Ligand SMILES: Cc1ncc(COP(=O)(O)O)c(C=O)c1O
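Taking the form predicted on its own, here's one chain by itself in C-alpha cells.
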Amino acid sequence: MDQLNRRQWLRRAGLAGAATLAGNWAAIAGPAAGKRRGNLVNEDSLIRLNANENPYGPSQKVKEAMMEAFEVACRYPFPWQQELTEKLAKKEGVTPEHIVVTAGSVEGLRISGLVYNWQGGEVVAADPTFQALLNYAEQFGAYIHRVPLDGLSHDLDAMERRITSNTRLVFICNPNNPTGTILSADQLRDFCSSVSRRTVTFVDEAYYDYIGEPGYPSMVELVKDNMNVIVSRTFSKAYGLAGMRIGYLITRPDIARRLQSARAAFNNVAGLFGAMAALEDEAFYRESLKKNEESQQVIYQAIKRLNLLHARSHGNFVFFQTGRDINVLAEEMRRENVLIGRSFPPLTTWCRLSTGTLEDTKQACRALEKVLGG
C-alpha cells in the first residue's frame, strides 16, 4: 500500500488527524471517545463498569500507530518488542535487562507464580486481592496462605508471620484490587525490603498511575537496589490498551532471565506499536487520569447520598459496602443495563464499580440509587 492510499485508509477508518485544539479531549482521545462500544453479542446498551477498563482509550495517536503496524503485520514482533523494552527501561530508570515485556500484566503474574512454585512451595498474599498469580501457582502445586485484610488494607504483620522456609513468594497488590487502598509509603518500603531478604516479593502496581498521593514511591526503587523484588505494570488501565495485552515486569536481570524463559505468549505488533505511542502521548495520559477522577467523584457523591461505607480508591474503580449480596445486586443492576464487579469473597456484600465515561458513570449511579434506595 503506497503512502497516499494509507493516509486515505486511515481517514476512512476515522483514525487520521491528531488533536488540534489544546484541551479538546474529544480530539485528543479520538472520535470514539465517550461512546459505548458494543460487542459481538449485541449488548450495546449495557454500561460496562465491571472490569476496570479505561473507556477513553486508546488515544488518537495510539490508534494511528497501531494502524501503521499493519504494514509489518507479516513480521514476527521481536524487533519491536526489543524497542519497547528499551523505552520502558528508560522510563523506569533501569537497563533493558531489567525488563520483561509480557502479554498483559496477567502473563507476568502467572509466569512468576509458575517459576517460583513449580511442584510445590508456598505463597503469602492478602485476601481478597487480585487472584491471577495465586490461582495459577495453585494449579501447579503451590499452597496459598490467604491472609485476611485488616479493614480494607493488607495486614503486613500477619502476612510476615505466615512466611516459612518453604515460602517462595510474597504477593502484594498495591493499590489493592478490589479495595483500591494503598499502604503507607514507609510501611510498604520497609516490608518489601525486609521480606525480600527471605524470599521473592512480587508487587503488582497495575493501578500505580492512579495513586493520588504526591511522591508516592514505586517499589522499582528496591529493584534498583538489587533486592529480590518483582514489580508488574500494565498498559491496560491509564493507557487504555486492555484489549491489546501489553504489560511488563521490572526486576533484577537474573530474575528477569528466569521469568523470560517461562513466557508462553508473543506480543502482537499492533499492541507493541500502540504501547510505544502511548508512552509518548502525555496529553492523553494526563487527561485520562483527570477523567477518572471526575467519574470517581460522581460515584463518591452517590454512595454518600446512600450512606454507604467505602474506601478512598487509588484505582479506576470504587469499592463500597451495599449490605446486599453482590450476586443479587449484580442481577438487579443488569436489569438497569449496568454491569458491576464480580464477587470478592469474603466481602460478598461489597461492590466494586469501575469508572466509565462521565455520562455512563452518572447513569450507573442513578441506577444504583434506584436499586438500593428504592
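Residue numbers run from 1 along the displayed sequence. Values in this document were obtained by computation on a predicted structure and should not be read as measured data.
Omitted here: the form predicted together with the named molecule. The next part is about that form.
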Every residue of 173, 207 and 237 near the named molecule in the predicted complex, heavy atom within 4.5 Å
yes
Answer for residue 109 alone: is it within 4.5 Å of the named molecule in the predicted complex, judged on heavy atom distances?
yes
Close approach of residue 87 to the named molecule in the predicted complex, 4.5 Å, heavy atom:
no
Using 4.5 Å between non-hydrogen atoms, is residue 105 touching the named molecule in the predicted complex?
yes
Is there any non-hydrogen atom of residue 130 lying within 4.5 Å of the named molecule in the predicted complex?
yes
Exactly one of 267, 177, 292, 201 has a non-hydrogen atom within 4.5 Å of the named molecule in the predicted complex; which residue is it?
177
The single option of 258, 168, 263, 245 touching the named molecule in the predicted complex, heavy atom within 4.5 Å
245
Please determine, with the chain shown alone, which of 272 to 280, 237 to 245, 68 to 76, 116 to 124 has non-hydrogen atoms within 4.5 Å of the named molecule in the predicted complex.
237 to 245
